[in-house]
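Only one chain comes next, encoded as structure tokens, the form predicted on its own.
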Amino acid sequence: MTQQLSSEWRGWISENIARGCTDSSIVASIVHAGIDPALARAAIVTLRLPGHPPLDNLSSQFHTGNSIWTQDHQVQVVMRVSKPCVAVVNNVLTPEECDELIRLSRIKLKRSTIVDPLSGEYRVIEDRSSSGTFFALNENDFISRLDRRISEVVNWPAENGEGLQILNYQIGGEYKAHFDYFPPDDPGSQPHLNNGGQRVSTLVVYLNDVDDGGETVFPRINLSVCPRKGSAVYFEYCNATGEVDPMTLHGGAPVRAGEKWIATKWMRQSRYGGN
């Protein structure tokens, strides 16, 4: 399949393999140039240099620097965990953008659901006591700007993203520990995997300062991230071969005072058509 790529692209891939770049970061860069991700992954396998060992199966696609520059914004990386890949970033959204998302969402909130592991249908459960709504990808100019920026922050194509989900938790509201990926062995996962593949990463953006509680907790790595308006926590859990990382078990701690607003972006392996 590499014959379909130009010699310049083949050389670029080989150079980045030799530098130790992750498969997912190479794929993301090629996809941004308009090349099919399946072709990009096949090219990486074919062009691996002799004697160059495969990279860690769960190596990260996330940026390595302390700052991330997007087309219209600068985001600061303030904390990292390597395994699993988790990062806390500041200034993903401005205070005004946070307020506007809340304003647009407040009038259309509905009780949050989960994917039933057997049927694949959406249903309400006690473990998830929030209300939420979605904005389709590029639904309007404002959402389009945020979708593009988030894509650049997480280093993954915007068209692979699900619609931006907004959630509101009142006092006592929580989301007990869960995975964001679709468990491959659950019968109910298959309909969702057929549309864009597995989820690969999550960005949770905090839209307000919570008076007390509401942390995002990762119990298997003893990490707790406090909500701060405009900041976000990023984590990834699926590699190029579809393996998932159970160390990303996480949840939303109960809100003890005030309320909590978040915006969540899930990224898929390939283009997502459900928006």
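Computed from a predicted model, the values in this text were never measured in an experiment. Residues carry their position along the shown sequence, with the first being 1.
Note that the form predicted in complex with a small molecule isn't included here; everything after this is about it.
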item: Among the candidates Leu167, Leu93, Val89, Leu101, the residue which, in the predicted complex, approaches the small molecule to within 4.5 Å (heavy atoms); value: Leu167
item: In the predicted complex, the residue from Gln61, Asn208, Ser231, Thr216 that sits within 4.5 Å of the small molecule by heavy atoms; value: Thr216
item: Every residue of Arg149, Trp156 and Val200 near the small molecule in the predicted complex, heavy atom within 4.5 Å; value: no
item: Listed range touching the small molecule, judged in the predicted complex by heavy atoms within 4.5 Å, from 76-84, 188-196, 170-178, 133-141; value: 170-178
item: 4.5 Å heavy atom contact, Ile262 to the small molecule in the predicted complex; value: yes
